[in-house]
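Given as C-alpha cells, the chain that follows is alone and in the form predicted on its own.
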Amino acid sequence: MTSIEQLAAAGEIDGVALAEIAEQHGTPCYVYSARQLRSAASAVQAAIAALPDSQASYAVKANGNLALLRIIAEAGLGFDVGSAGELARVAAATAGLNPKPHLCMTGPCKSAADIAAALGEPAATIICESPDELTRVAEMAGAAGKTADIGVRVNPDVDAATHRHIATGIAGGKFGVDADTGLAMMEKAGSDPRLRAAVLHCHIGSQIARAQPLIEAAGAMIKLRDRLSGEAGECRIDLGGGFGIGDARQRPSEDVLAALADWLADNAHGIGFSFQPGRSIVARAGLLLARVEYIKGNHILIDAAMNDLLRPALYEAQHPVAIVGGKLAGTSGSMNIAGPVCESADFLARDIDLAAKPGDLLAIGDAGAYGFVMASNYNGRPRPCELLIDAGKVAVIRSRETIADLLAADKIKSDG
C-alpha cells in the first residue's frame, strides 16, 4: 500500500493530485483509495485461506459509507453490524449482489428494533451478550415464527495490552458474560426450538499489536467449546477483530491476523472460525485533508477539528501527518496540530516535528476508520465530504454538509 510518506513526497493518491482535490472539493475532506481498500480486503481473505470453513465480516462501525461497503462486499467479506441502522446501510450497499453476504449483529445492548431487523435477514447471526438479551431474541423469534441463529459473547478475561478505552476482554467490563454464564446460554439455545446455537464469540479489544493475546483468547475459547454438548458443541468460534495497524509512532512487527490464523491452523482442527476486522481493513485506505490557517507559537491551527477526527482526543492516537508535497511529521518535537473547536482536547496531533506554514495542505493518515463515522456538528460545524479515488477518477461519495443542512431538522416551537 502507498504510505503516508509516499503520499507526502508525491503529493498524489492513485494518480490524482491531492492539491487538485483540495482545490476542487475544499477542506477538510476525507479521501479514500479504492485500490488500497481492495488490497486490504484481499489480504484478510489470504490470511485466513488456510483455515477450513473460515469467514471474515467487516465491522461496519469503522466506516459505513455505502460505496466502501460495496467494494468490501465485492471482495467477498461479510459484515458485522451493531444496529438496525448499520444493517440498513449494508442492505443498501449490497442490493443486487448474489449471493448475499453473511451477517452478524453484535453489541452489548440491542433494542427490540435492532433484533427485529436482524431477524428479518436470513443470513444474520445475533450475538447475545446477556441472558436477558437471549430471552428477548427467543421470544421475538418465536412470535415471528422463525428460528434465530445466535451466538454468545464470552469475556475470556484476557488483557489485550491496548488503550484502556478499547480493551474489552477484561473481567468486570460491560461486554459479554463470564464463561459459566456463556456456556449455560449456549446450552439453553441448543435446546430451544426458537434458537440455533451457532457461534461462541469473544472480542478482547482493538489495536492489538501482537498475536499472543489473541492466541491466548483463542485457546480459552477452544477449551470452552469442548465443554459444550449437542448442537451447541458443533458451534463456530468467532474471535472478533481488533487486529492492530499501529500509528505514527510504531507499526506492528507482525501481521496479527495472519499470525493468529497460522496458530489456529496448527492447533484447532475441525473448528470453523469467524473474524470481524474493521479498522485494519479501512484505516490506511483513507486520509483527511486539511488546510493550515495560522501558526501561533507551537500550535499549527488547521481547518479540521476533533469533531472531524475524534481518535486523537478520545484514544490519544497519533496519526501520521505530512505536508502534501513536503515532509512527514516527525514523532518527536514541540509542535501541536489544533483545530477551531472550543475545547482544550481539540488536538489532532501533539508533540510532533513539522515545519508548517499558513496555506500548507496537510494529509492526516489512517483516517479511513473512525473518522467520518464519529464526526459531529459540534460548534455548528458541517461535516466534511467523502471522496473515493478509483482508477484515477474522483467520485463524491458523500456531499459536504452545509449550514442549511444543520438547520433543516430543527423546529421552532410555535406560541400558538
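Please read all numbers here as calculations on a predicted model, not as lab measurements. Sequential numbering from 1, following the sequence displayed.
Omitted here: the form predicted together with a small molecule. The next part is about that form.
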Among 94 to 102, 287 to 295, 341 to 349, 237 to 245, the stretch whose residues bring a heavy atom within 4.5 Å of the small molecule in the predicted bound form is 237 to 245
Find the only residue in 61, 381, 35, 70 having a heavy atom within 4.5 Å of the small molecule in the predicted bound form.
61
Would you check, heavy atoms only and a 4.5 Å threshold, whether residue 277 touches the small molecule in the predicted bound form?
yes
Just checking whether residue 370 would be counted as a contact of the small molecule in the predicted bound form - the rule being heavy atoms within 4.5 angstroms.
yes
Counting only non-hydrogen atoms and a 4.5 angstroms cut-off, does residue 110 reach the small molecule in the predicted bound form?
no
Even though the partner isn't displayed, in the predicted bound form is residue 263 close enough to the small molecule, meaning a heavy atom within 4.5 Å?
no
